[in-house]
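Okay, so here's just one chain, in structure tokens, the form predicted on its own.
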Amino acid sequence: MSKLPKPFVERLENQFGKPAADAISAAFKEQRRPTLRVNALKASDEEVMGLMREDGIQFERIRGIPHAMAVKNRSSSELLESYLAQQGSIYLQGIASMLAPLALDPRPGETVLDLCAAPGSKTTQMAAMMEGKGRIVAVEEDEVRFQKLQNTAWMQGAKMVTPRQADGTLVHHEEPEAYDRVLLDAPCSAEGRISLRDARSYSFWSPKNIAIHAKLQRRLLRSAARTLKPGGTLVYSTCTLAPEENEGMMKWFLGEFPEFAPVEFDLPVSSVRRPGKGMIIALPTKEHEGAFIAKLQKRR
């Protein structure tokens, strides 16, 4: 881990122990196989698998994640140029990215808020999980990222998605207690996405960067909490390992909003830690990046 900032390495060892920190280091070196999600709004698994076999694309299904597959003999860029991707039958998406929607478990007919939605990976995954029935409001403030969100929803045929360019920290003023479920996949310090093949992925790291993100996360969580109906479900997720943005953030949140209670859940990945009730850290592995997910329910 010599390329990484020394304070970051020390934090990992203190947080997870040296054996786990060494395993995380090994994962940071990996060149992972491309993974994709069959878009159930446009095609079935069987249709996509048949077409991939015709094109000589070697793949395997990912256990426990509906419609997810890993590809053995094509690069991500090659898959993006394929007919299947161009017409929206598949969507390239990392395994870690697919976990938060599984935890939220949106149902057909519900009203869902995706508070930091661009580029739309999780948004369109939820649309497929809901069978295109119900409503998803997908919020993104940045103009360029908002355009990507719009394009993803259109390409995936997710007509139930309403993209909205807005500041996620202020949405609760317009729609208090309006949603059955809320996904807050928050901007974060992205420690779980570090790749030692790309210096840009870790050169940003600093305690100051973590603190800046934590401040924004608190504002977003306040908004998320207030947009949720009594009895509704909130999932908070990040792609970082920093406890200030993860379990520490949940400790703050439950103190600030005592009407919420953590909900236990499972994820279909093996390398996990449970830092508290209703929380899971998926540690980076050769198959997927790292992620933190917490699930909470608002009392009626």
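When you see a residue number, it is the position in the sequence shown, counting from 1. This structure is a prediction, so every number in the text was calculated from the model and none was measured.
There is another form of the same protein, the form predicted together with a small molecule; it is not shown, and what comes next is about it.
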Stretch in contact in the predicted complex with the small molecule, which is absent here, among 204-212, 81-89, 68-76, 134-142 (heavy atoms within 4.5 Å): 134-142
The small molecule in the predicted complex reached by all of 115, 122 and 216, non-hydrogen atom within 4.5 Å: yes
Contacting member of 111, 169, 195, 150, with respect to the small molecule in the predicted complex [4.5 Å, heavy atom]: 169
One residue of 224, 161, 186, 99 in contact with the small molecule, assessed in the predicted complex (non-hydrogen atom, 4.5 angstroms): 186
Any non-hydrogen atom of residue 155 within 4.5 angstroms of the small molecule in the predicted complex: no
Exercise: residue 220 in contact with the small molecule in the predicted complex, heavy atom 4.5 Å: yes
